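Take a look at this single chain in structure tokens; it is the form predicted alone.
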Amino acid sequence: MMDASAPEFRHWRLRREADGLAWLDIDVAGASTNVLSAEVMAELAVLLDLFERKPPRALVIASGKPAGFIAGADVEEFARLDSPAAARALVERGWQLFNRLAAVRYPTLALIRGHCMGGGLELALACRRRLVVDEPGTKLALPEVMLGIVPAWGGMLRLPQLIGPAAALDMMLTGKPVNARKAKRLGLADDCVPARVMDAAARILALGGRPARAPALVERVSRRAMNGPLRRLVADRARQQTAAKVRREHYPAPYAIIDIWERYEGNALAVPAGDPASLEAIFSSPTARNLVRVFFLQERLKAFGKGAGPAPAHVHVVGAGVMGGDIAAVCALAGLKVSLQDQSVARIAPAIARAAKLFERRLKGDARRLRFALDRLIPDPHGDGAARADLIIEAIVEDLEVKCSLFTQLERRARPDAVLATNTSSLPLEEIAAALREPSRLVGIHFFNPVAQLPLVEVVRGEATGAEVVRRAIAFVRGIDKLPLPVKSAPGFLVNAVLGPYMLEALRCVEEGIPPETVDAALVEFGMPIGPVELVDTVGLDVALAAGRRLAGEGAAPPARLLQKVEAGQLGKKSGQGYYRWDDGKAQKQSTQAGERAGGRLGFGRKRGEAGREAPPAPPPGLAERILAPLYAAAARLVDEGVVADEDLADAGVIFGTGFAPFTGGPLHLLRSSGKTPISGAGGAVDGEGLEQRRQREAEGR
């Protein structure tokens, strides 16, 4: 029953039962998702006051929303903080409140169904027990590092104590979630139950009087050792692993997490202001501001799917190659029925095998869900599914004539209301749509390789594409949990149109005698996830050459070495040899080609790497800036031409479609913040006015 003596709360609902059990449901007013704003936290403090005066026999904290437990702190509130002092005050509020919850005399339990992120997990950690619901949407994580900040409301203190420092540091340093079953295996959750019995299980666990799991002897000895030299060893190992992935100057937060756990028992408030791990240093870092910006860019892309209607139930994919097969697999994993067409079962079989491996990785041993996912992926060599599908995607060879012929056939077989989509990476939609009786049915749905990893999907609107078709395409993209970016049909759309000039400039540098390793090292040092030459090898030299010709025109001369390698069949990773030699799927970055040896004669010194191997030559000053300049110029030009709606969406597309260094906030944001302006089509950037000032000056005729 509701507690009549309790004051009114906007964001919490309190029910007390006759046996003394209290249920406290968080249900943030006016929001579809629960977040811990200042107002929500203030109400929780009042509730703890109430429980102090009239303690329950036990307390269960749950969600009053179907969309999950708690998504974390209110990021918009955090983004409005205007000083390090305000950030410290926000941290202190949560730290003290959750310490207070952890110290109450009565048993507490967090009933977690759906996402439990950041501050939500820190609240759950402050409870004595955690019960998780075993369903796909249940995910537990401390993803603060992805915003450039640290889990300062007790996560760095309590998570290592609960599951051990190695597992806890892995969760905090990567921000990756664990599902319900893994949470139980780690000891993060006391139990994992189906939704149908969650309330009964919560009642039993909260009222049962059973003490929390006592640590075993080995665990107690390990914890004691962790307060001595072993703590330093674990921290040093974590720093080494972090340094292999990101640089401290680019991403200070993961290093701060390690320091705060090792030296300050997980209490961020204890770190002196002058320390690089201090709240003041973290809050003041450009990285935190830029990663918060990236978070809001991601939310904007997600918002394109709101109100777009339901996703299709049946998708038909034509082409079982790497792209088509992986698109089909991702759709089946998301719960859609998928028919996969190619010329024979033998051509489809490798795609099914790849899909099975993906399902095993993602579903982590859940045999039932794995079987259902495989059942949803149907080999369809005769293309019978095209007549029943809600949406048809072609992912065949990038040949205009072949695509036009295919769509002529598909239009005859498809339902009149089915959406026809192409995964073309560079062909104009208008030319493909010319083969259709109803060109308004055609939309571009352009995925990126590897499909399962890259979150962005370009939704391409041709001149004749109907608005309803675009809407349904966006609904499909959000339905498979990808990020839709609306773009206008143009050569290369957005992502490939900026990548093309970038990769071309990198290959020009190689033509001039700079070793491929040096070129790649310069861009990885800048913050890119992979160097441009290795990217060319990964994409395929033949694909890069064909795309470059389409984007630049047949008259443009490609780099001579690129032509030579394609003619020699050295196509990159898929052939085992490109600009690099590839062994077991990995690039062997020890060039021996004459042109690459010339780099040493040009004065690029080498140093020894691990295990006696030669490390890449030190990149010459300005190399990364030179290679990135055409990317900046292309992004600015595409905004000017309306291919993408504005600079923020251009930044979002380049970040989520290419992995462009997120800590910069995106290419155009980086230029604006550094006072430089890209010169559209000129392949460079100049100091001085930003894009907005330039446009204002041009509009005024100055």
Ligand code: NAI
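All residue numbers refer to positions in the sequence shown, first residue = 1. Only a predicted model underlies this, so the values are computations on that prediction, with no experimental measurement involved.
This protein has a second form, the form predicted in complex with the named molecule, left out of what is shown; the following refers to that one.
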Among 282-290, 148-156, 199-207, 402-410, which stretch sits within 4.5 Å of the named molecule in the predicted bound form, heavy atoms only? 402-410
Quick one: from 132, 392, 320, 460, grab the residue that has a heavy atom within 4.5 Å of the named molecule in the predicted bound form. 320
Go through 161, 449, 83, 564 and name the one with a heavy atom inside 4.5 Å of the named molecule in the predicted bound form. 449
Does the named molecule come within 4.5 Å of any heavy atom of residue 423 in the predicted bound form? yes
Residue-level question: is residue 512 within 4.5 Å of the named molecule in the predicted bound form, judged on heavy atoms? no
Given that the partner is absent here, does residue 630 sit within 4.5 Å of the named molecule in the predicted bound form, heavy atoms only? no
May I ask you to check whether residue 546 falls inside a 4.5 Å heavy atom distance of the named molecule in the predicted bound form? no
